[in-house]
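Next up is one chain by itself, shown in structure tokens, the form predicted on its own.
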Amino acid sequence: MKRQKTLETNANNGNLFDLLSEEIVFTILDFIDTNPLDRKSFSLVCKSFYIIESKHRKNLTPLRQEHLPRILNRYPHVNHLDLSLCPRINDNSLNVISNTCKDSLNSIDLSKSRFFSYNGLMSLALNCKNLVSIDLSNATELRDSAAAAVAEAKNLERLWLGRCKLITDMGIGCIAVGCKKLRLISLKWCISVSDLGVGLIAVKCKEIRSLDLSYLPITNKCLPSILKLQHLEDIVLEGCFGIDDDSLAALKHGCQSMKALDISSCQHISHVGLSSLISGAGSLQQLTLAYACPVTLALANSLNRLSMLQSVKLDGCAVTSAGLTAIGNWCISLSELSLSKCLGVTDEGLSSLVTKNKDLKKLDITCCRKITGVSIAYITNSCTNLTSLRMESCTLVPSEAFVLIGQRCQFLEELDLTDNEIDDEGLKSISRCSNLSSLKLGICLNISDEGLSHVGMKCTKLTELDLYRSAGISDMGIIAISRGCPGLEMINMSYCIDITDRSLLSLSKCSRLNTFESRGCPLITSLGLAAIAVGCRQLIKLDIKKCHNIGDAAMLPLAHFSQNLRQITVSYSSVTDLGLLALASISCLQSMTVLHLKGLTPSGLAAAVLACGGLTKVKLHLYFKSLLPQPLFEHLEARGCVFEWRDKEFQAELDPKCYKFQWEDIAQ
């Protein structure tokens, strides 16, 4: 009766939302959980929504370490804490986290932080009993004592220690003994860990599913115990130069549970060692051999027992036509094939392979410079279900071949045609691919607004468009894209020299735009960029290098409206001390590149970098290094900021065709 009376009162007061249960509101929040601005708007509707949104939020990605106490107090039920944008996390920060979150915290990402130690990690491990995932990648100063603290997290299942170069076998041994529930561990570039440490993981952590040993100085000694792990599914041995054919030949049994194997850059493993390693691995689904042994007939034949193989990545390998043909014969269930930068890929080998693999969904033939339209004809005829095709710099493929892609592969979602001979007829055909979300057309000198307009009209799901140095594109093409693709999130139109403010005014209607690159567009001005700032408030990355007509008048709107901006490049523009200082009000700003600004003074630069409290990287001309006081650098570096110095002279811009010729010379 009382409940009914309350409902009637709320209804009479006009607040119908109070009639909804908390569970129903949680369901509503699930649908808007991807956009932080939408969540913020939701929480501001009323006091009850503010409280419910704080209970619903399970994932947090703070931008500044000093805000942690207030944020955690606002969101007490956080499960996952991503601190990869906070480089200055220290022991005090981890104490605050562990004492506030306690048992609710399941996972934490500290992969970009470097100021914490044993004490902070120990507090985290002892107070957060339900912690199952920790990412400590790039914590290059951590030692074995820190690893011993991690070992106190008894329920830990996933641990990343990439580039923790000072942790030795002793520290890994502590983790192996203390964290017996581990299912995933990454030791990539832990160069002080040897066979002993890896062997202890294999012996003590029987639940391991995923093991990354990239670039470790290990030999064959630890392999038998690794391959005995009954649940091991994914093993990465990239760059393990101490493993060779002779050591692998001694293995009597492979790993039957293995589903993914990566032996990229293992220069001493040939098809002989590979055969030993995959012996008995009948469940293998993914095989990565990038920059490893040549793809010959012998290697292909070693794959003949892998009937479940779905993905093969051979990037950077020397291949033969016989090898590719044999892979096509043996691996008939492939859904993904990568031949990026492979030497020796010809029409004969590629055509034979794709003819047998009609279920391919992803194909990467980047920089396969010997293939022609013959290969494209076979690919489009056989692999009509492709969702991803990457073929950058396939320069022998004629323009008419690209028409076949649009005619036959209409399920494409990702298409990379950078540095190719595609023309407007090809673009018109490709516009039939209505599911396209990513289209890269950089250094395509034969396309114009006419072809791009077809894409704008028909590819309405497009979120990413790269037009880098495609000099035939002007305002008409960009306007067509902005009108037809309202969900656009990223556009690169650098060095499209005919672009003006008309394009920017049109793009300002794409409210989801988060990455805008327009370097080398001399006709755009502060007016156009101001429109982007006002309309695209989710902007994260901005590059206006060599936009000489953009100055302080654009920085002020950016400072006011682009509060999510994290990375900006203003080199060679007309920004002065005033504009740079205005950017200090953007609390999210972390990376700034400032080269060759005529209106920038040492005092103005010093004031700006001091005021930008969240900076983690600043790229400056070497000229300023002697003009700024050393205590300034020491203070900023203590805050977690890294300075990169450049001594480049002012460079005049090349004609697009001259640039393409230089690019081809370098590639050859």
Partner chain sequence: MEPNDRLSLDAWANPSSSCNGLPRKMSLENPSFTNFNLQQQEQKWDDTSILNYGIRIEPPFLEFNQASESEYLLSSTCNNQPKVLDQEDGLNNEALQTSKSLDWDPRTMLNNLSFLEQKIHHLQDLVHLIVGRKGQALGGHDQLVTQQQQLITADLTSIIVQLISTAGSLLPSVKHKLSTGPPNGQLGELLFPPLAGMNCVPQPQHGSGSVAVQPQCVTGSKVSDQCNQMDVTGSFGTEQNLSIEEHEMKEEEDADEGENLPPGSYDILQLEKEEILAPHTHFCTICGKGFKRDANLRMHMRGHGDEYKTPAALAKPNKESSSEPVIIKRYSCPFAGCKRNKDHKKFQPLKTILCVKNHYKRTHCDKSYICSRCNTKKFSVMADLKTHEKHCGKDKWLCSCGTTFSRKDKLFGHIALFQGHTPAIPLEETKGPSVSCDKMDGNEASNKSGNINFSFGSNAGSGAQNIIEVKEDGDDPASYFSPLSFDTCNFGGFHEFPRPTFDDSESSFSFLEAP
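None of these values were measured; they are calculated from a predicted model. Numbering follows the first chain given and starts at 1.
If you look for the form predicted together with its partner chain, you will not find it shown, but the lines that follow are about it.
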query	finding
Answer option from Ala638, Ile51, Leu44, Leu622, heavy atom within 4.5 Å of its partner chain in the predicted complex	Ala638
Its partner chain: the contacting residue among Cys174, Leu72, Cys510, Ala471 in the predicted complex [heavy atom, 4.5 Å]	Cys174
Its partner chain contact in the predicted complex: Asp30, any heavy atom under 4.5 Å	no
4.5 Å heavy atom contact, Thr616 and its partner chain in the predicted complex	no
Heavy atom of Gly197 within 4.5 Å of its partner chain in the predicted complex	yes
Any non-hydrogen atom of Ile191 within 4.5 angstroms of its partner chain in the predicted complex	no
Among 556-564, 436-444, 379-387, 115-123, the region lying within 4.5 Å of its partner chain in the predicted complex by heavy atom distance	115-123
Residues of 589-612 having any heavy atom within 4.5 Å of its partner chain in the predicted complex, listed in sequence order	Ser603, Ala606, Ala607, Leu610, Ala611
